[in-house]
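Take a look at this single chain, the form predicted alone, given in C-alpha cells.
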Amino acid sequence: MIEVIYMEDGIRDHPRSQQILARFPRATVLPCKHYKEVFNPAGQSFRLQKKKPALILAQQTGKLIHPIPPSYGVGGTRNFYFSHLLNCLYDCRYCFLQGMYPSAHYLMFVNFEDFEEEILRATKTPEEPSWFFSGYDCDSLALESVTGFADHFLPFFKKLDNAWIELRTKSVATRVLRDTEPLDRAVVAFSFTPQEISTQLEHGVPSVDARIRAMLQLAEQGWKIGLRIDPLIDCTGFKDRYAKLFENIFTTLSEHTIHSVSLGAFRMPHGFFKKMEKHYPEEPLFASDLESKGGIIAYRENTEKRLKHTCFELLEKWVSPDKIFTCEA
C-alpha cells in the first residue's frame, strides 16, 4: 500500500519509525529535514497524490491538543482534539481536508509520548472530565495497521479516571477493538450518510451495511457506540433516505448501546471550499443551495434547519432526545 516513505532526520531512530519501516520493507525511504519540505509546498496536485499517497513520518512540536467549542461535543464541556495523522485513507468529496492541506500524503507524527504528556496536563482538573476527539484530521481507525494509534492510546486512556476518548471512523478495521476489553470512557463513533449518498460522495468507504455489522459486533462486546450523521447532505427524497438509514441502524442495534448521536449539516470554511471547487469543478454538491456566512460556506439557514429538524424527528422514534446533539457551524 505504501510505496514511498519520507522521514524526518530527527525521528529515524524512533522505535515507532523503525516499526513502520519494518512493516514496509520494499518502500523507498527518502530523508527530509522537516516534513513541511514535502507536505507544505504550494502547487501540489491533491487529486494526483490521492491516487497513491506517500507516508511522511515526522515529529509534531508546539501545541499538540487543541480546544473545540462545546457545540461540537456530545455532552462534555472540556473538549479537545488531537491529531496523530493528517489526511485520510478515504476520498469523500465533502471532506474539508482537501481544502485545508496542499498535499494528499499521509503525515504521521510518531511522538505519541509527547501527546500523552499534554493530555495528562489537560486532565489535572479532576472535578470535570475532559473529552479528546481523535478523528478530526483523519479517520481514527482506517490506517490502524500502519499507525498502531488505537493499540497504543487505549491502554493509556484506560488509566485516566477523568478523560474520555472518541474514536471517529468510517472503517470496519476494528480488530484492535475486538481484541481489547471495552473502555468505560471510550466511544467508537461511526459516521454515516445514506448508502446512495455514500456511493456518490464517499469513495473507498465501506458500505453502510458493513459499518452497521461492525458496530453490532463492537456493541455486543460492550463498546459504547456513537453515531455521527455528519454532514447532512440535502437531496431528493431526503426524509425517506435518512429514515431508511436510521431504520437499518436501530433495528440492528439496541438503543442502550448508543452513547450519542450528533447531527451536522454540510459546512466548510470559505477558503477550503474554493480550493475544493478547483479540485472537482464538476461536483454537483458544490453547486447546491449554499451561501457564505461569516467565512463559512453552508446551506441556507432555512435549508439547514429543515435538514436538522427532519433528522431529529426521525431519530426520536429510535433514541432518547437527550442523546441527540447538533453541531453548529
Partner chain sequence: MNFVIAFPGEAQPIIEFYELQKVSSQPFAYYQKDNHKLVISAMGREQTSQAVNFLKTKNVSPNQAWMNLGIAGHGSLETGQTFLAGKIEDDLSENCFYPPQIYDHDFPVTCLKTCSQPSSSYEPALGYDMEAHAFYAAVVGASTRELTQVIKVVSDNPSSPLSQFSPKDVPGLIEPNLKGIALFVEQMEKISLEMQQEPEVSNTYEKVLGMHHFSSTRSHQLHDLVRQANALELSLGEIESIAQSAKDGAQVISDIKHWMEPNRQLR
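Numbering follows the first chain given and starts at 1. Given the structure is predicted, the values throughout are model-derived calculations rather than measurements.
Another form exists, predicted in complex with the partner chain; not displayed. Remarks below refer to it.
Visitor: Could you work out which of 61, 302, 292, 45 is the residue within 4.5 angstroms of the partner chain in the predicted complex, going by heavy atoms?
Guide: So the residue touching the partner chain in the predicted complex, by this definition, is 45.
Visitor: Could you tell me which one of 296, 68, 65, 32 places a heavy atom within 4.5 Å of the partner chain in the predicted complex?
Guide: Among 296, 68, 65, 32, a heavy atom within 4.5 Å of the partner chain in the predicted complex occurs only for 32.
Visitor: Does each of 119, 148 and 243 have at least one heavy atom within 4.5 Å of the partner chain in the predicted complex?
Guide: No: none of 119, 148 and 243 comes within 4.5 Å of the partner chain in the predicted complex.
Visitor: Would residue 265 sit within 4.5 Å of the partner chain in the predicted complex, counting heavy atoms only?
Guide: Although the partner chain is absent here, residue 265 would stay clear of it in the predicted complex, with no heavy atoms inside 4.5 Å.
Visitor: Hey, in the predicted complex, does residue 200 get a heavy atom within 4.5 angstroms of the partner chain?
Guide: Within the cut-off, so yes.
Visitor: Taking heavy atoms and a 4.5 Å cut-off, does residue 271 contact the partner chain in the predicted complex?
Guide: Contact check for residue 271: no, nothing within 4.5 Å of the partner chain in the predicted complex.
Visitor: With a 4.5 Å heavy atom cut-off, would you call residue 236 a contact of the partner chain in the predicted complex?
Guide: Close contact exists here: in the predicted complex, residue 236 approaches the partner chain to within 4.5 Å, heavy atoms only.
Visitor: Exactly one stretch in 226-234, 244-252, 204-212, 154-162 has heavy atoms within 4.5 Å of the partner chain in the predicted complex; which is it?
Guide: In short, 226-234.
Visitor: Between 161-182 and the partner chain in the predicted complex, list the residues on our side with a heavy atom within 4.5 Å.
Guide: Sequence-ordered list is empty.
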